[in-house]
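So this first bit is one chain, no partners, the form predicted on its own, shown in structure tokens.
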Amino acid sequence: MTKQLRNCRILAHKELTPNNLSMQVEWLNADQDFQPAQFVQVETSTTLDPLIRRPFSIFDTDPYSFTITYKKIGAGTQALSTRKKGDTISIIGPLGNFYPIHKIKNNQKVLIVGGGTGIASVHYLAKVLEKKNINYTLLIGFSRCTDIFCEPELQDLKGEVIITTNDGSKGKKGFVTEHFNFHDLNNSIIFICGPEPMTRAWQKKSELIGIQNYDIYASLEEYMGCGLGICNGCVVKVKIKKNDQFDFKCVCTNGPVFNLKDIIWT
């Protein structure tokens, strides 16, 4: 679907855990218009402060709306948290590309890895895979049990869900990279979304272990000033195939999903 600018009605807005909120926004045919990893640019305030819109991944959809989740951490999300049910909010979307689900092969293992704000993206991916009757394992990491804002939704998923917390207060203790046998990932496809250190760690570990016959795609998290490829504030360095050269790509328009094997971290 071509991106649109819409004034949308807020259907629900609630706090899930301290500083973690969800917002349901009216959007007819959202379940058809939005694909996993796509995002929206939201005008967080009715004033000029803050001026710049904020990007949010899609957490879930239905035929009449989509839901975003976010953490209240700065001026933009603080302003957004004051918006009420029934308010009108300006949205640009859908934006970006999406996870290449069409590349999943028969008998290929599917692993989804999420952490931080990337949890919204991978949750929606899991829901879509279920509709297509594709089995998956979802490995999802939080800092501590109080950060688990979507536990009911995770419990409703039909795939294998593995929860980790850095402090061990829920599920397995440690980082997500510590709780999967990388040697089991031969003949697999991996989808990742989370903080850059987590994504870097998966790329490095998969290369060190020498996994055979696998594909790995990451939805990257970069600061997006415009979300439209104009400001060039979210560029990443990407390999050019068949030679040793590289190029810079905007995460907002060329991504956010990239083949992780092609990313050059600077």
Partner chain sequence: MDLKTKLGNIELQNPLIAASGTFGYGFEIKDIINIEELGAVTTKTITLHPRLGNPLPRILETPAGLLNSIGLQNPGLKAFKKNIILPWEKIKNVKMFVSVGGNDISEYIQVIAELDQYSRIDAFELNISCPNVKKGCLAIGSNPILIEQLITQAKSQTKKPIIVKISPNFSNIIETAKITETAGADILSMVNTFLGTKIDIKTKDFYFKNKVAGLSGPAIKPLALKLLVDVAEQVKLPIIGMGGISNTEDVLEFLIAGASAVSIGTMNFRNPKILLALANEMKKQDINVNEIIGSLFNRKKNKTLIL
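Positions refer to the first chain, counted from 1. Note that the structure is predicted; figures quoted are calculated from it, not measured.
Not on display, but discussed next: the form predicted in complex with the partner chain.
Residues of just one listed stretch (28-36, 52-60, 65-73, 198-206) have heavy atoms within 4.5 Å of the partner chain in the predicted bound form: 52-60. With the partner omitted from this view, the residue of 138, 104, 80, 92 that lies near the partner chain in the predicted bound form is 92 [heavy atom within 4.5 Å]. In the predicted bound form, none of the heavy atoms of residue 261 sits within 4.5 Å of a heavy atom of the partner chain.
The partner chain is not drawn, but in the predicted bound form it has no heavy atom within 4.5 Å of residue 15. At a distance threshold of 4.5 angstroms between non-hydrogen atoms, residue 216 is out of contact with the partner chain in the predicted bound form. Proximity of residue 40 to the partner chain in the predicted bound form falls outside the 4.5 Å heavy atom cutoff.
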